[in-house]
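In the form predicted on its own, a lone chain appears below as structure tokens.
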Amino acid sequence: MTFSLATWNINSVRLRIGLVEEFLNTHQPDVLCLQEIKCENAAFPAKAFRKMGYEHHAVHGQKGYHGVATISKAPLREIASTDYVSKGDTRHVECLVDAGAGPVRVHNFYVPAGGDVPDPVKNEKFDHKLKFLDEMKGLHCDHADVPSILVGDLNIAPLETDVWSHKQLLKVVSHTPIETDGLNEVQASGGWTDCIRQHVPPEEKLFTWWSYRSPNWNESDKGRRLDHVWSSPSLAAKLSGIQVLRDARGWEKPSDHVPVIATFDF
């Protein structure tokens, strides 16, 4: 039995519902985790997803900002969210889904970007990001004997090969040592496995985001791996594939992130 899950920072689900429909019709993941949906729960395009065969939704939205949504072909249970750093913004939703061989807890995250200045004293947004990471360290991959998957736009590229230039980005938010060390601590303290880098060797450059500021994104290839798929080791052992849909960055009016699909064989 195969179970597939996709993660995608869509940068406004209503604006790009056509791209989502194209993606779902083509790839048919069992679960899709969206970040930065930029709408309140009542404005989420639930009818469109139901028409595509995705009847079940766990939505935690906010007008104009942030927001996460997990949609599924199978029922979702125990839907909840955590208000990290008690900011009141909508950056996390979790739920249980039947992956075929039993329930799996899915955590869908949108970690704060952190602004432009990598100094928590001078930049409140960066301080927020670091505190968010600190609180994530308490999230373990196995809770109540249920294995977990953690996905989303974590807004950090931890490895040297996760950015186009390690040296040039060391002082740029998303690749500073304090951020990458923090994310590594979240992974280690929670017992998580980086599924993408389990499948794609760490020596190989891999990106999931290319800035809108780069008109020739494909040619210059100044990307970063900001989108992640982590899981409990027991699930990682069943990982059969990772697909990064780079071509999606070249679609008409695209998100600056591309979908990532993880497939598990049970």
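What you see is a predicted model; the values in this text were computed from it and never measured. When you see a residue number, it is the position in the sequence shown, counting from 1.
Beyond what is shown, the protein has a form predicted together with the DNA; the following relates to that form.
Interface membership of His166, defined by any non-hydrogen atom within 4.5 Å of the DNA in the predicted bound form, is ruled out. The DNA in the predicted bound form is not approached by Lys205, whose heavy atoms all lie more than 4.5 angstroms from it. For the chain shown alone, Arg197 is not a contact residue for the DNA in the predicted bound form, no non-hydrogen atom being within 4.5 angstroms. Using a 4.5 angstroms limit between non-hydrogen atoms, Asp116 touches the DNA in the predicted bound form. For a residue to qualify, one of its non-hydrogen atoms must sit within 4.5 Å of the DNA in the predicted bound form; none of His27, Pro75 and Phe264 qualifies. The stretch that touches the DNA in the predicted bound form, counting heavy atoms within 4.5 Å, is 152 to 160, out of 137 to 145, 101 to 109, 76 to 84, 152 to 160. The partner is absent here, but in the predicted bound form a heavy atom of Ser211, alone among Ser211, Asn218, Ser234, Ser240, sits within 4.5 Å of the DNA.
Counting a residue when any of its non-hydrogen atoms is within 4.5 Å of the DNA in the predicted bound form, the hits in 1 to 31 run Asn9, Asn11, Ser12, Arg14, Leu15, Arg16.
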